[in-house]
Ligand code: NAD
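As structure tokens, one chain now follows by itself in the form predicted alone.
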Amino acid sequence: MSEELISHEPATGAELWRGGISDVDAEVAAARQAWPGWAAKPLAYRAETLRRFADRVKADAESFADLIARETGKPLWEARTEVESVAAKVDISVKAYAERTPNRRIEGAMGLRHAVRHKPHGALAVLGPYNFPAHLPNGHIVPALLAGNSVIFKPSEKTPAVGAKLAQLFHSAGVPEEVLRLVIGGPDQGKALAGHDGIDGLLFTGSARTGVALNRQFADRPGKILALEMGGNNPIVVWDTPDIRTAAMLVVQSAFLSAGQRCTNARRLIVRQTVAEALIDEVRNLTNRLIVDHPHADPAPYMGPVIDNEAADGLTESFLILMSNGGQVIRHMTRPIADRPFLTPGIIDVTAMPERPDIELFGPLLQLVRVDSFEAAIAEANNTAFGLSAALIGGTPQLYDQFWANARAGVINWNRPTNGASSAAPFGGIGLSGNHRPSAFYAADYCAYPVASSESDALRASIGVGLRESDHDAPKLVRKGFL
């Protein structure tokens, strides 16, 4: 790898940013040395520092959103919502810390007290993704700093400029540079950071493939916390509903928001056979109206490009593989600009395919499966090793209860899209989608560990049973210490 990392705008190919490759050992050492001092600061001090960070984000919101839009390719309107989420994370995290990790005391007899308090782990590594390069790593960094940890943050090599900007905003708000360290680099630096003996844990958002590798890597390191937030092969089930048009809007939003580059995007549309044709017509007509363009286009696009040409090539190839193995094309996926990673949404009916690949196709590609019974719909929804999000559109409250009880996912919605989860709730999945360390509101749980204490102001002790009247009553060998 070269000594510099260079970032290009997906929509134009223009160079956006470049920066030197970091020394991982030096960054970890700095964070390890700094964290005891940061942990010793009062919680109120750390919270107030992070509130200043939120103010800095708000003050610089437009330029920050512009940078996110340029480096990811997402529309400017969507980048603005990401910036809003970054700022809002602070108050949510302060509330979560108070609710999830409170100090508790229980008074016992004779002045005895039982206490439960929480300690930070130490120096935590954060590996961020490219699809939400500010919001998702920030969702780890803020609660980690609030709990008293230091952080070594490595943004995705595809979005280093946003990572550098995020770190700069933290530092400008008063988070010491030694407490939040920035690692610029590619996969080699990521592997070095994840495997470094100097970290006390790793907070990861990214692909299932990388998450599984990290899980293996940490298998013989139980003393280090590992929080994995991975992807999904998410189902959206459409059942009986008189409002097919609104159902189609929810399907399109679930599948194609962020150019299909959200871990919660719907990958599989499971629909009752009796409503399938009407729904397909509405979904196709609505998809045809979606504007795919560069982030600052006027009128504003619904979708920008995917992250790079490699991703676009892989998605196009996946569409062709599905088509050649029995999939029936409903809407072709195309590349409107040959040398840029813009993709039009693709929809393909895979009902007749004998074997459907259980992989996360991270882009605007929706697979359709027709079913005859609700039980078959649930079975198809669960026909995956992932388990992040699932949604039911239509149906009755009784059917939703059945769906909720049987769907294997960490986020289950009714008459709402699969994406757009609230930061005020836990966010995570099961199976290949996570390791039971949900983030968002529950991030406080993995950023600090509980310590139970029994405390008394005075020395008190007694042994009330099993003692001789005097040590002189003990056998001679016992008195001499041989027995």
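Treat the numbers as computed from the prediction; the structure is a model and nothing was measured. Numbers follow the displayed sequence, beginning with 1.
Another form exists, predicted in complex with nicotinamide-adenine-dinucleotide (NAD); not displayed. Remarks below refer to it.
**Student:** Quick check for you: of 323 to 331, 209 to 217, 74 to 82, 141 to 149, which stretch puts a non-hydrogen atom within 4.5 Å of nicotinamide-adenine-dinucleotide (NAD) in the model of the complex?
**Tutor:** Answer to the contact question: 209 to 217.
**Student:** Does nicotinamide-adenine-dinucleotide (NAD) get within 4.5 angstroms of any non-hydrogen atom of residue 305 in the model of the complex?
**Tutor:** No, residue 305 sits far enough from nicotinamide-adenine-dinucleotide (NAD) in the model of the complex that none of its heavy atoms falls within 4.5 Å.
**Student:** So in the model of the complex, does any heavy atom of residue 186 sit within 4.5 Å of nicotinamide-adenine-dinucleotide (NAD)?
**Tutor:** Yes, residue 186 sits close enough to nicotinamide-adenine-dinucleotide (NAD) in the model of the complex that at least one of its heavy atoms falls within 4.5 Å.
**Student:** Taking nicotinamide-adenine-dinucleotide (NAD) as it sits in the model of the complex, is residue 395 near enough to touch it, meaning that at least one heavy atom pair lies within 4.5 angstroms?
**Tutor:** Judged by the heavy-atom cut-off of 4.5 Å, residue 395 is well away from nicotinamide-adenine-dinucleotide (NAD) in the model of the complex.
**Student:** Using heavy atoms and a 4.5 Å limit, would one call residue 190 a contact residue for nicotinamide-adenine-dinucleotide (NAD) in the model of the complex?
**Tutor:** Judged by the heavy-atom cut-off of 4.5 Å, residue 190 is in contact with nicotinamide-adenine-dinucleotide (NAD) in the model of the complex.
**Student:** When you measure heavy atoms, are 130, 157 and 388 every one within 4.5 angstroms of nicotinamide-adenine-dinucleotide (NAD) in the model of the complex?
**Tutor:** Judged in the model of the complex, 130, 157 and 388 all sit within 4.5 Å of nicotinamide-adenine-dinucleotide (NAD).
**Student:** Select from the listed residues 125, 259, 263, 162 the one whose heavy atoms reach within 4.5 Å of nicotinamide-adenine-dinucleotide (NAD) in the model of the complex.
**Tutor:** None of the others qualify; the residue that does is 263.
**Student:** Can you pick the one in 250, 199, 227, 230 that has a heavy atom within 4.5 Å of nicotinamide-adenine-dinucleotide (NAD) in the model of the complex?
**Tutor:** Answer to the contact question: 230.
**Student:** Is any part of 346 to 385 within 4.5 angstroms of nicotinamide-adenine-dinucleotide (NAD) in the model of the complex by a non-hydrogen atom, and which residues would that be?
**Tutor:** In sequence order, 360, 362 come within 4.5 Å of the partner.
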